[in-house]
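Have a look below at one chain only, the form predicted on its own, in structure tokens format.
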């Protein structure tokens, strides 16, 4: 019996190897798939993403701004989480806020990661030159400015532009990615494949973006997930302070609205926003940890 189980496990491993190959990405995928916490967190994140997709396509969450009930109506079949102080459905608002969170997270994560990758690659490839010095100086300057002060300054300069928060986040969140990519590029540029490209007369920008930068994709993928979580948490704080989301609703605005409701003994608004935010942030943190572990070059090659 034990031999049969061992044979079955061996056959399963051989099947996985035949399907996904022996590449680092294939091994990383197999390692991630065996991580239960990672798979559960991916399922939760996928569920949130489907909720956001439903809002984007107009399937649900479309009546988040409608006054559809009495003040602080209790939980019922009509209002699953009750209503807020002016009679708006809390469930609809919480669902629509999921779309807001994903919208902010995706935009900031993608643009900050791309910007950090480009500037980090340029700084690393031209390390020691004036290009590297300027980029490092820029990172130091932006790091020295308190984040929320920078957001307030950008929001004031853009006169209430709804994308002021996005611009402020992107302006600071690219720095961590850039530092990591810079260090990786400094290591990669001395390898044989880069020297061979130089010897054959390949343009420097081509070497950076076609030969070196793709080899930092594992770093960029992990950094994008970390930035996604940071953007969601920052949006909640900024919206709570009144300098975040301007047109629409978010978990941060719901928590801000619930300040007076909690004092009156009504917690539905606060709990709905807090629990949903906690669930997404926790799941994405676990997903990021599992992904980082799966893509760790020190262990994935084993």
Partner chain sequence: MEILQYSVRKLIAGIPLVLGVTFISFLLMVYFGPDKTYELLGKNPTPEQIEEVRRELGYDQPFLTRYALYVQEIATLNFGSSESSGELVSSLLARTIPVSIALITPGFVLGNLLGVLFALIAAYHRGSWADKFIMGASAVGMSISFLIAIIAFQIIFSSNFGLGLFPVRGWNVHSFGDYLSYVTVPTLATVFVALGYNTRFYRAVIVEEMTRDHVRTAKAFGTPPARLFYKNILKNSMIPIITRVVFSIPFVVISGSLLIESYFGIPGVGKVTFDAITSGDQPVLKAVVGLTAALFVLAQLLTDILYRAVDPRVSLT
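Positions refer to the first chain, counted from 1. Note that this is a predicted model, so its numbers are computed, not measured.
Below, we turn to the form predicted in complex with its partner chain, even though it does not appear here.
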query: Residues 46, 163 and 222 all lining its partner chain in the predicted bound form, heavy atom within 4.5 Å; finding: no
query: Partner proximity in the predicted bound form: residue 29 to its partner chain, non-hydrogen atom cutoff 4.5 Å; finding: no
query: Residue 277: touches its partner chain in the predicted bound form, heavy atom cutoff 4.5 angstroms; finding: yes
query: Contact test in the predicted bound form: residue 237 vs its partner chain, heavy atoms, 4.5 Å; finding: yes
query: Partner contact for residue 241 in the predicted bound form: its partner chain, 4.5 angstroms, heavy atom; finding: yes
query: Contact segment among 137-145, 123-131, 206-214, 192-200, judged by heavy atoms lying within 4.5 Å of its partner chain in the predicted bound form; finding: 137-145
query: Listed residue (153, 85, 107, 115) with a non-hydrogen atom within 4.5 angstroms of its partner chain in the predicted bound form; finding: 153
query: Heavy atom contacts to its partner chain in the predicted bound form at 4.5 Å, residues of 262-282 in sequence order; finding: 262, 263, 264, 265, 267, 270, 274, 277, 278, 281, 282
